[in-house]
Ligand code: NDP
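Shown next as structure tokens: one chain only, the form predicted on its own.
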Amino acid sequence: MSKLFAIFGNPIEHSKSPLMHNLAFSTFDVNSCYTRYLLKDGDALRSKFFELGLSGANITVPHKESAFRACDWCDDFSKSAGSVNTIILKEGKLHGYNTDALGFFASMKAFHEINKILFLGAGGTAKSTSTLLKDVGFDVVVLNRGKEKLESFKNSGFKTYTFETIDDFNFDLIINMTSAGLSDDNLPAPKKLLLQLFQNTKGCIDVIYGKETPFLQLAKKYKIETIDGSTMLLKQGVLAFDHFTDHQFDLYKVEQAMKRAFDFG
């Protein structure tokens, strides 16, 4: 019997996840299909999951915290992060996992001698990734436009700033964790502030993939090393597929199958 998987997000038309997963399903002759679903209301995620008859799903911005709330069970890491990007249906219950942080950690290996990291944005991806990086010893600081979303980071022991309160401009790595630049020409923070931060940083990462965002364009203009979110997307996708298929396949071979998705432009 064929199984159906999907990715929920808003926007979602840009997502390479369906191509990645369907290539892997085809490679391993798994009788499953993966599609995308534009979800405007994160609170409807649980009901839509069951309505579509899904066996599993991935969740992208801005619904990762809603996905956490939608689950009946979450692994320890998802609980500590308060964020879920992978859901599996098991015996009628929704089980939540987070593969984003490990995917992001793999992409960071492109940079060397990194200790102090600034996150731009305080959403679900930032929550899961900051938790992992803090646990392995990085000094992570979170910068966000408003202070409301920063409360949970403060409560978890992170130093936080808003655009108006930041007084530290020395970071080894600056990461855009927002959707700014995904479907517009916006920067994740005021240009004047970013230029102050760029004076001392070694590198910039944008979790957005498939385009050179205004954030990365600006960083390159100042001769800063940059990478987009492609590596993170690929690595987290491999781990999600591993959950979807109950750990049946060699992860290196899964990655090789999924990597072909990036040959399609």
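Remember, it's a predicted structure, so these values are computed and weren't measured experimentally. A residue's number is simply how far along the shown sequence it sits, counting from 1.
Absent from the display: the form predicted in complex with the ligand. The rest refers to it.
Peer 1: Which single stretch, out of 166-174, 69-77, 186-194, 88-96, brings residue heavy atoms within 4.5 Å of the ligand in the predicted bound form?
Peer 2: Within 4.5 Å of the partner lies stretch 186-194.
Peer 1: Is there a heavy atom of R145 lying 4.5 Å or less from a heavy atom of the ligand in the predicted bound form?
Peer 2: Close contact exists here: in the predicted bound form, R145 approaches the ligand to within 4.5 Å, heavy atoms only.
Peer 1: Can you check whether V207 is within 4.5 Å of the ligand in the predicted bound form, heavy atom basis?
Peer 2: Answer yes; at least one heavy atom of V207 falls within 4.5 Å of the ligand in the predicted bound form.
Peer 1: Can you check whether P62 is within 4.5 Å of the ligand in the predicted bound form, heavy atom basis?
Peer 2: Judged by the heavy-atom cut-off of 4.5 Å, P62 is in contact with the ligand in the predicted bound form.
Peer 1: Taking 4.5 angstroms as the cut-off for heavy atoms, does I117 touch the ligand in the predicted bound form?
Peer 2: No, I117 is distant from the partner.
Peer 1: Do all of A122, G229 and M232 end up near the ligand in the predicted bound form, with near meaning a heavy atom within 4.5 Å?
Peer 2: Yes, the whole candidate spot contacts the ligand.
Peer 1: Can you work out which of M108, L132, L182, V141 has a heavy atom no more than 4.5 Å from the ligand in the predicted bound form?
Peer 2: Of the candidates M108, L132, L182, V141, L182 is the one lying within 4.5 Å of the ligand in the predicted bound form.
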